[in-house]
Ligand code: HSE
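Take a look at this one chain, the form predicted alone, written out in structure tokens.
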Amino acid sequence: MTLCARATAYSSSANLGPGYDVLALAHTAFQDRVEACIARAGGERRVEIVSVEGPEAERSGGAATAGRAVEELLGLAGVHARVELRVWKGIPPGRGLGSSGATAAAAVAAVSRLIGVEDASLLLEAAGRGEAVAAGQPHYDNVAASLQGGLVAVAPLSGRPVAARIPLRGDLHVALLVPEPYRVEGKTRLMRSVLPGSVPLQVAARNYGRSLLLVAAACSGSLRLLGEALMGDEIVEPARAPLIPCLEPVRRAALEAGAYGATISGAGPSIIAVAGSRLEAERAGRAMLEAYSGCGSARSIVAVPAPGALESVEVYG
């Protein structure tokens, strides 16, 4: 009998200002789903993507990150099996919303349940290696958020990536401004290429402090402080801002509409604003959309923190 599992992974916004490559928030704006079936246990390791469907299927690059992530998972776990994947793509790629990371996370979450692997660090490593197909190298922040859900911090320990979910208190809502259409080949590589190779120690220290303030604010429910810390990046956002259309007018509009803070979502071009209620987030989203009107087409979406792919797995067969 064929055994199958299905997992859902949500979009995410990485960095959140000063938390470059360290912090990310999973949110309900968009989602990917992956169905995995063990067609045959034993023998050679083989992963086949049977189908890719959904509104973003044509722009997903064949969902290659899902296949690579599962190959890495089987290798790291020492499991030999033939796995078939069916992918539903709902997260638009190239928008700074963790699209490739979510696909990898959903695939790893589904297959991990089928083969009985629960090592969180191993799952994160496999999904990150899969995401590297799209990004050029593993970036574990988006992957960790989509795997575990909510707000996460990720860093290497003893040579392996380790992620921890940060408790979120308060009625956190986010408004996302998502440019449409937008597609730049190699966008992640481009946005990394503009970053400084070194920064003064005191600048780095201030950024560390603000990222810790952001975490403390999330844990305490001080959303106003969270928003202020989110806008305190002195390293990455200033380097990328010239490449993000209308960042400053959109940010200003969000703040004037009542948002606590706004910054680039991941490598952009999407912009994320944080608010204390759905009503406030909707108001900020409308203001952001109006401010962006002179730069092109976009849509605004209100979302809340999302659960992780590991929480969503359904096994059947």
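Just so it is clear, the structure is predicted and the values come from calculations on it, not from any experiment. All residue numbers are counted from 1 along the displayed sequence.
What comes next is about the form predicted in complex with the named molecule, which does not appear here.
Out of 251-259, 264-272, 31-39, 51-59, where are the residues with a heavy atom within 4.5 Å of the named molecule in the predicted complex? Contact-bearing stretch, as computed: 264-272.
Among the candidate residues Ser222, Thr188, Asn207, Ser121, which is the single one with a non-hydrogen atom no more than 4.5 Å from the named molecule in the predicted complex? Spelling it out, the residue with a heavy atom inside the cut-off is Thr188.
Pick from Lys89, His173, Arg129, Arg240: which residue has any heavy atom within 4.5 angstroms of the named molecule in the predicted complex? Contact with the named molecule in the predicted complex is made by Arg240 alone.
is_contact(Leu25, the named molecule) in the predicted complex, heavy atom dist at most 4.5 Å: Contact check for Leu25: no, nothing within 4.5 Å of the named molecule in the predicted complex.
Partner contact for Arg82 in the predicted complex: the named molecule, 4.5 angstroms, heavy atom: Result no; Arg82 lies far from the named molecule in the predicted complex.
Might Arg113 be said to contact the named molecule in the predicted complex, defining contact as any heavy atom within 4.5 Å? It does not: once the named molecule is placed as it appears in the predicted complex, Arg113 has no heavy atom within 4.5 Å of it.
Given that the partner is absent here, does Ser146 sit within 4.5 Å of the named molecule in the predicted complex, heavy atoms only? Heavy-atom contact with the named molecule at 4.5 Å: absent for Ser146.
So which residues in 2-36, when you check the named molecule in the predicted complex, have a heavy atom no farther than 4.5 Å from it? Heavy-atom contacts to the named molecule in the predicted complex: Ala14, Asn15, Tyr20, Asp21.
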